[in-house]
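First, one chain by itself in structure tokens, the form predicted alone.
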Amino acid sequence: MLPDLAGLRGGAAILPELVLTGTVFAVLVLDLALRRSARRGRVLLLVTCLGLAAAATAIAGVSAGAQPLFYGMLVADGFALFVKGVVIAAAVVGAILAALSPEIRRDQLGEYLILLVCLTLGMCLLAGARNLLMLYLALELVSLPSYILAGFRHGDRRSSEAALKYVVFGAAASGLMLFGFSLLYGLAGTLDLPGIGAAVVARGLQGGLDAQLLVVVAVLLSLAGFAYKVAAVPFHMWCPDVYEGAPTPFVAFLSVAPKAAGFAALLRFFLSGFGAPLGFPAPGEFPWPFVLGVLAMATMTVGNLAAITQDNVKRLLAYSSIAHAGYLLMAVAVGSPLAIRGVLLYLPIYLLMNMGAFLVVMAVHDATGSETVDGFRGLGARAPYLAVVMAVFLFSLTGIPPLAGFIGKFFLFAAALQTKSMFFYAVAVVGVVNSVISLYYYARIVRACFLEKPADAQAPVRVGSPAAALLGALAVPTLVLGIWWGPLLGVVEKALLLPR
């Protein structure tokens, strides 16, 4: 008798992942075939960008309705499709940055691009995962290429140290997460997220205090893996060292895309697995919103306070990334439709301003060899274009109007205030105070650019046309979306379908 294959039919819904898989093989074959060609790098970059563009086109062609795939292990709903689009856009920018950066040797560009597309494939699967096993496999497909890319600069001690720390923390977080998943499976008898929530709650209420404690332990262990992926406290320790030691093009990508996929998985884990919105727990239920709210406050506070003392700009932006994870965790804790809207709106905005800031850091480092704040001294005179766009990105990260970052944070804070809960009022106040604190260390860089003179006479910092064009492509939407965010909000509204 033939097996029932109905559950395996994905049709066009799985086409983006298939295109990314084909892109990996195409780049691999071309990298071997063109090994002695002088145009090898350009061809590989072109094929990679075309493959990513084809995957984005495939996403646009998928029906917005929720489509369960592979017996419900994956789902192609508007929520997953939107996050996949953000991840692929970040991959395009990341591939171009790698081609522009001298940190990635020309003979290794093919390997880098292959790993980057594999990483993107893992994040696309993670965004649509609705099964604990698929969640774990997708997270590992994201993690393993990341470890390699973090240590991609062979012979560089800092890069090797970054990769080692990344592997150690990643292995510990993955082990904790897998143990938590095994407990959830034992409690619920299923790996599918929609069936876990009801089964676990019923088991906890019927089994008394011991069963409830086991549920809490299982979810906390599972949360460790998500917290590691988004660099939330206390699983953030790897972030500054990896950001400092890894190649800047990869750091720019790492700061945005895995964070987007990680938050998508975290939202689906809690909202699909434990009911949407989280709201406030009923009697006998564990207060997960409060746990996530406390985690959000700790993450944004630790990130911003630690960033104040940093002199290396990449480490500074690493702690900034931790703080922004706290802002997003605040919305996850709320769990309302407005909060999900805020997360989805913030992700593409964060892509623009954070990857733009890292591109400026890369340009300054390539010209001066410095990654410190002192390397930016006098940049307003040596490279006015770089200085201006860097100010735009940094002030947008702070959340100053009328830049896009203000709109993103507005929706996040509005979701917390809409709950009319004193606890979430406190979380929002902590978020606003931390945004004010962040202005200090962002303004340090801007002050160095425009109000300080370099210690020694230095030649102007020259920016190539491709880098200048990419900076403009990131800076202009950062300006425009702060005034006219309607079209982006319309796309987000279509992505709010999150199935139980």
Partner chain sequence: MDFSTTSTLLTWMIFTPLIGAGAILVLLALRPLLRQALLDNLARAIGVACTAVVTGQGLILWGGFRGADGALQFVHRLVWIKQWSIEYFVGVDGLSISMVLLTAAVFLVAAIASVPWWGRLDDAHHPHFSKKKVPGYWILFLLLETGVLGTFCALDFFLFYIFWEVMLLPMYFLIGIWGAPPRVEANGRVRGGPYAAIKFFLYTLAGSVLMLLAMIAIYHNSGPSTLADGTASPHSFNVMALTQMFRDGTFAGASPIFGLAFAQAMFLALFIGFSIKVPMFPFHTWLPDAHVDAPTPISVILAGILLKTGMYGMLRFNLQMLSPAMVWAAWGIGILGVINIVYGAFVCMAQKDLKKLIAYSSVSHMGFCLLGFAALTPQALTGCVFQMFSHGIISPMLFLIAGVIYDRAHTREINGFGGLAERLPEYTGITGLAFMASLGLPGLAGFVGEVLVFLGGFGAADQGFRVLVAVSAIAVVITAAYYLWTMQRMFLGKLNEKWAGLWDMNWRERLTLYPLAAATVILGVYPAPIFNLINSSLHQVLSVVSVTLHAGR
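No experiment lies behind these values; they were computed from the predicted model shown. Numbering follows the first chain given and starts at 1.
Only in words, not in the display: the form predicted in complex with the partner chain, which the text now covers.
K.L.:
If contact means a heavy atom within 4.5 Å, which one of 410 to 418, 363 to 371, 180 to 188, 136 to 144 is the stretch that engages the partner chain in the predicted bound form?
P.N.:
Selected range: 410 to 418.
K.L.:
In the predicted bound form, does each residue in the set L338, V432 and G486 place a non-hydrogen atom within 4.5 angstroms of the partner chain?
P.N.:
Judged in the predicted bound form, L338, V432 and G486 all sit within 4.5 Å of the partner chain.
K.L.:
Does the partner chain get within 4.5 angstroms of any non-hydrogen atom of Y440 in the predicted bound form?
P.N.:
Contact check for Y440: yes, within 4.5 Å of the partner chain in the predicted bound form.
K.L.:
Please determine whether F70 contacts the partner chain in the predicted bound form, using a 4.5 Å cut-off between heavy atoms.
P.N.:
Although the partner chain is absent here, F70 would stay clear of it in the predicted bound form, with no heavy atoms inside 4.5 Å.
K.L.:
Residue-level question: is F290 within 4.5 Å of the partner chain in the predicted bound form, judged on heavy atoms?
P.N.:
The answer is no: F290 has no heavy atom within 4.5 Å of the partner chain.
K.L.:
Look up in the predicted bound form whether R462 has a non-hydrogen atom within 4.5 angstroms of the partner chain, and give yes or no.
P.N.:
Close contact is absent here: in the predicted bound form, R462 is far from the partner chain, nothing within 4.5 Å, heavy atoms only.
K.L.:
Going by heavy atom distances of 4.5 angstroms or less, which of I400, A172, L305, A298 would be at the interface with the partner chain in the predicted bound form?
P.N.:
Contact check passes for I400.
K.L.:
Heavy atom within 4.5 Å of the partner chain in the predicted bound form: which of A469, L34, V436, A53 fits that? Just give me the one.
P.N.:
None of the other options qualify; the answer is V436.
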